[in-house]
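Consider the single chain below, provided in structure tokens and representing the form predicted alone.
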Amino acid sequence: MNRSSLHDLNVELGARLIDFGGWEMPVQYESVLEEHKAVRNSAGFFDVSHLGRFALRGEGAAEALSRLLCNNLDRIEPGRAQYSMMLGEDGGVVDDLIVWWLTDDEYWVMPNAVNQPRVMAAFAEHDGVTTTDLQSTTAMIAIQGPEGPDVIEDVLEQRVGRFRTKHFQWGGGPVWLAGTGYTGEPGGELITDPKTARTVAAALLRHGVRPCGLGARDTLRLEAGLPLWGQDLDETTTPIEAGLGFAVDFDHDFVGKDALERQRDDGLERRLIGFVLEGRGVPRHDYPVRTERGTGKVTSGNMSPMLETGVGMAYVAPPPEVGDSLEVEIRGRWVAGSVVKPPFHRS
């Protein structure tokens, strides 16, 4: 099993380690609940070295990104990051990912960990590109929370805007930083060599920033209404059904465009909706959902630490409207709730 370069530190900090796609990673240190609240109220940092990442270079790199991804890099410029998706010919989501556009001819692509080999191979098939795996040679740390930008400035002496990137030297090594994250809070994600990563983590601990496990990262992303590939997104769902149309640019040609245009013109038979429960119970993946308009199943669900009630997302056909009543079947009983627009903790 693969191990992060911060593995020894994670063990020293008392992390409970489990398998995340072939990587032994911390699911929690002391308490998922307390780690979640630390990120919502102040700041925390995550070892996310299991996440996919590879460099894309060459004269054909921009064309490959344009062809394989549904968002359009022409919307941004070097020094920026962009959320996008790789689709199949039928419009299904092969993977959702982030692209860091570092310089005129260098891009870093950040797929989901489980999809790294497939996504990297798809790019490697294009003429005029070279791909370089970064997952095995670097470490990745996310610093998240309302105090995250200040923490980054205090510790790293840098400040990065939302979806912007920077490259600098710190602690004797190179650091690449982007104003991205997966918690619904400000902050950033950085990539560096293993030695520098350990120095960064030590500096964050001295600064009083709480280490957080991937358990809290999942409850944070759900509470923020951020979809998870493999649950809320997969090759049977399209970006339009998932409410991610903002990341689709029809002004360029990409794999799956024709299917999305048909769906856009014909209208949606189903849509990913968010809900908050009024009664007791924790919604889980695949639990049945019903509304006055139609039925569906929960894709992601859990107890919201900030709302102290169940929240979740579900595909429902035909789709209900925000404010409609809803019920989720939990262990043989139907629990009432309502359709809301995420993020749940701010709705």
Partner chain sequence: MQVPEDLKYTDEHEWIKQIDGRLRVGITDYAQDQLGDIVYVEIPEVGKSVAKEDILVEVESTKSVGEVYSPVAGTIAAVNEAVADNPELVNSSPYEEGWLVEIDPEGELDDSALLDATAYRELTE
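Numbering follows the first chain given and starts at 1. Small disclaimer: the values here were computed from a predicted structure and weren't measured.
The following text describes the form predicted together with its partner chain, which does not appear among the structures shown.
- Residues placing heavy atoms within 4.5 Å of its partner chain in the predicted bound form fall in a single listed stretch, namely 295 to 303, out of 314 to 322, 295 to 303, 63 to 71, 39 to 47.
- For the marked spot (159, 345 and 347), a heavy atom within 4.5 Å of its partner chain in the predicted bound form is absent from each of the three residues.
- Taking the partner from elsewhere, residue 32 is found to have a heavy atom lying within 4.5 Å of its partner chain in the predicted bound form.
- Put simply, residue 52 is far from its partner chain in the predicted bound form: not one heavy atom of it is within 4.5 Å.
- Not displayed here, its partner chain is kept clear of residue 307 by more than 4.5 Å at the level of heavy atoms in the predicted bound form.
- The closest non-hydrogen atom of residue 192 lies beyond 4.5 Å of its partner chain in the predicted bound form.
- If you take 319 to 333 and check each residue for a heavy atom within 4.5 Å of its partner chain in the predicted bound form, you get 331, 333, in sequence order.
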